[in-house]
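First come two forms of one protein chain, each written alone as structure tokens, so that there is a structure 1 and a structure 2.
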Structure 1
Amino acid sequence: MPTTAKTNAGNFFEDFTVGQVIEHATPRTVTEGDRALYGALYPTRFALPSSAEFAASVGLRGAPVEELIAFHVGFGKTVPDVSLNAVANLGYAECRFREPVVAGDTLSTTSEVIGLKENSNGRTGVVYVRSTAKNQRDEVAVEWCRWVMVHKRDSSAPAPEPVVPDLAKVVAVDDLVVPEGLDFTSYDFTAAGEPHRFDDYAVGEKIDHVDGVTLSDAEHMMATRLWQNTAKVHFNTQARPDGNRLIYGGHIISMARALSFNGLANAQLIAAINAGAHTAPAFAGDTVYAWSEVLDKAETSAPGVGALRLRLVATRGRDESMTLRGEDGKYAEGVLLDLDYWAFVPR
């Protein structure tokens, strides 16, 4: 009898072709349980996803959950098909949050292969995909590109014609999607927790978010399972020589975003992720801190709504000097995440 033929071995580099569309299993309904678990796993306090009343007060229908819930759910779906045999998650680009997700929405995710480039070693290659998570009304909740280094099944397989997509370095301000109805003209700064508005932030300004959280295995495993992310290294001490469970990079993104409340409490909504790099692995016992840098500012056409382009950096241990790179141009020791994103803030 065949014994493992029915299990998913994941795709290898030579299984991908440019233009290929993958419909990922399995659709997933987001619930108030997800919101509560998100709040238990990350120290988030942003008023908009925390309070249905606050969300209504800024013109939103329903009570959207954190944007990153949509991102993690969508991302998790792509893992069995795209990155089960990945060596590394290399980068993100052109990620836009469009229709807010409320409890009861069911997300389904598809990916299109938009680039392929075999590495010179002949054993791995880079796969570029554009993924889209839609709700049950076929509206796009979130879309993003990422590229991953994937093993070849057979190093002697011929290399495909290299196709490297031309991805935007930054999502253009005009491409940001303001949720329907969003209006910050009567924004309650007291309820939100900080007085700082659009005009109070200057390009180049850095903010040390001060607080730190020590990571635990139970928590990162629960988070990663919640998004139905199946990458073995996050759950299985036998999957790595060192016996450690590697923490899902998205766990660090959410932890850093939550820590950034302290100083960026009014960066209520993530509008886009321009770029992101997981620069070092994180493990249970590490204490994560975060700092931010204001990279750009822009107005939007929505009433009272401005956009800040922010660099969010997570570090192992606090770095009050907020150093991104050393003199050698490499990421400084302890930097775990370098995330470039747009957020909507009150003007």
Structure 2
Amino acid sequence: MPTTAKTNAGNFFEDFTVGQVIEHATPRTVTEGDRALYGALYPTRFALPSSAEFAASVGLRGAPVEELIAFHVGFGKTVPDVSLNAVANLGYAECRFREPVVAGDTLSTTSEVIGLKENSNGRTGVVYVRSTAKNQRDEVAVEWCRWVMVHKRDSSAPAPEPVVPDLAKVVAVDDLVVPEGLDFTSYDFTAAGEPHRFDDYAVGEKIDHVDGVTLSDAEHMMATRLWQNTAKVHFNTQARPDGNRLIYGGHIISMARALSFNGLANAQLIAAINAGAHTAPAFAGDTVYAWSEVLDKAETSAPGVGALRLRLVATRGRDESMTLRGEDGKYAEGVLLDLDYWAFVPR
């Protein structure tokens, strides 16, 4: 007889408890294939992850892949336990990239539940987790917090005492981890593709990245499978009432980051993600554009290395006015992503 006794239905909201630690299954070894497929999915052209010679010229050991590859791999490990029954991933905070990931590194992820809050409808709740992805040497490659809206198994189940964690709005400059050996004093601006350096950017400046990419179901599902993200809403048309596959939020992040090359080609390394919100759903057929705002600037102790705090905004359709919020304080129509991050740039 058919049975589901051995299959994983995923955790529902009432299965989580504050303080719970989850060791996620299936360690994942990053390969050069990940780098190649990432470049096929996103129009990325950043010199450092594109060229082993460029990476060596700025003092890095090995040839690191894009930071977001590490993030996606680590994130994907958490999905079967945290967000298999999600309505949507809501936001990020306190994300730090602490160790560059190179082909051959194997990442394993652990999460701790740090908050729970049932929604007023009684059918869903928000789960807050702090996740850590470590390499085979037990070094932390990337760590982050996120919160996700998850279905309840039984709407009549009692609500837990609400616990909402107090998360930092910004990763402090002193807490940014500069990769060992990073040195931009002999930075090759010709190879990188743009002349703009730290002093060329002003706080408050906005940059229209101009280019757009139209989303397709095939590509976003390929990306989501690449990171072994099993969330039903990304694949199964029966998982949403409208019958649409929801684009994985990480796909929008990587697309916007790749588009930001045009104007921020020298923002070579993501150091931290301070905050992030998927402000509206995206679906196949949407055309994604991006713009950035310089929020802050800081010096680092590494030779020739500065840090820019940037707001990266992805929009459905191009918004030449680069408007984030309307007069009512709500996100402007078409805004898909509001991402606040630090990047290392040459001085």
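Reference numbering: structure 1, starting with residue 1. Quick caveat, the model's predicted, so the values are computed rather than measured. Under this definition, the rigid core comprises the largest set of C-alpha atoms superposing within 1.5 Å between the forms.
- The form predicted together with a further copy of the same chain is represented by structure 1; structure 2 is the other form.
- Superposition on the rigid core between structure 1 and structure 2 places the CA atom of Ala159 2 Å or more away from its counterpart.
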